[in-house]
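Given next, in structure tokens, is a single chain: the form predicted on its own.
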Amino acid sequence: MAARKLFLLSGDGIGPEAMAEVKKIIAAMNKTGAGFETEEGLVGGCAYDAHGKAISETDMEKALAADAVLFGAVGGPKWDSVPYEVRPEAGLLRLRKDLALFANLRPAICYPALADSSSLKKDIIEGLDILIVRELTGGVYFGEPKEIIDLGNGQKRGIDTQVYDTFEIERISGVAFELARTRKNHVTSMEKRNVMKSGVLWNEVVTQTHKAKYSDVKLDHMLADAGGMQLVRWPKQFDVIVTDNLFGDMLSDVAAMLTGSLGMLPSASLGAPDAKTGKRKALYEPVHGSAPDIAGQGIANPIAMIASFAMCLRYSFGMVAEADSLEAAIAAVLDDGLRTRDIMSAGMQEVGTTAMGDAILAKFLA
């Protein structure tokens, strides 16, 4: 069996603490013949400290050669004053761009044991299982021109450009429709066609793609701001939401908090299938950030990082049974009443990062 090559980029803040719990799972799986080969590199602020840039050329080469990249988190106040082009977040943006990771999958699942942890009422959130499919390599984050112009007289102008081409919208909507077929067969496309020309095109292309190839899937359209409101009003009306880079960033964070904590939710970023092998470049990361305020205290929630590895097992290696078992282990530990501080509630047992990771591993191996 060919080795399964993983490149680990723990990053900054709580990233290394969360990644340490995934390393334990990888080591345990290798004892039973999983065949993972791992290398580690630097990304974000730690890479800037070492190399003067957010990711080195050597580590980019390793990322490109890997079957999958596991990514922790980047950033923190230590690097607030570094030049914009080498800020910690630039490392993640380059990974997404150079690996051509155009499809970002962000599930929002409410584990039964955490139904009371959400800021919403239990009946609104219990049983939630939605998937946000975010276009990741286009839109306003990458559009040109992107600059700040000095207008004189103490005035400046900041410019970001929202740009989408037909093919970009076709391929991301195709991913959403394909995934919907494996779920409840319902896609909601969100944009701002009422005020943005890119939104008009987005709506047209999604509609055309649906008619041409996916007419068996139910399709709804919704303005993105109304979608944000509906996510907190009645989120269970949605199955798969497909949207652009900017709105996907915001709406997925809203969806994350529906479940009780950003520390709970994973994500996958996928490229197009290789013409010869069918394999996709892929990067897996927790939705949460680097949380520098709690870094090094051993209290971070590792569940999103572990669940991201479960997505890696599922999408990059076809290890569906193992992914199911790992996700079931997370649910079982929560059912047992173990909680990290961010999801702690009355009557539960508070544990730290390491204890939570150990408990999930024990359930996984049982």
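From 1 onward, residues are counted along the sequence shown. Worth saying up front: this structure is predicted, and the values here are computed from it rather than measured.
There is another form of the same protein, the form predicted in complex with 3-isopropylmalic acid (IPM); it is not shown, and what comes next is about it.
When contacts are judged by a 4.5 Å heavy atom cut-off, Glu191 does not count as touching 3-isopropylmalic acid (IPM) in the model of the complex. When 3-isopropylmalic acid (IPM) is considered in the model of the complex, Leu92 lines it closely, a heavy atom lying within 4.5 Å.
Contact annotation for Glu170: none of its heavy atoms lies within 4.5 Å of 3-isopropylmalic acid (IPM) in the model of the complex. Within this chain, Glu285 lines the site of 3-isopropylmalic acid (IPM) in the model of the complex, having a heavy atom no more than 4.5 Å away. Just one of Asp249, Asp129, Glu178, Glu126 comes within 4.5 Å of 3-isopropylmalic acid (IPM) in the model of the complex, counting any heavy atom, and that one is Asp249. With the partner left out here, 3-isopropylmalic acid (IPM) still marks one of 92-100, 111-119, 153-161, 218-226 in the model of the complex; by a 4.5 Å heavy atom cut-off that stretch is 92-100. Shown here without its partner, the chain carries His186, His210 and Phe238, none of which come within 4.5 Å of 3-isopropylmalic acid (IPM) in the model of the complex through any heavy atom. In this stretch, 108-136, the one residue having a heavy atom within 4.5 Å of 3-isopropylmalic acid (IPM) in the model of the complex is Arg134; the partner itself is omitted from this view.
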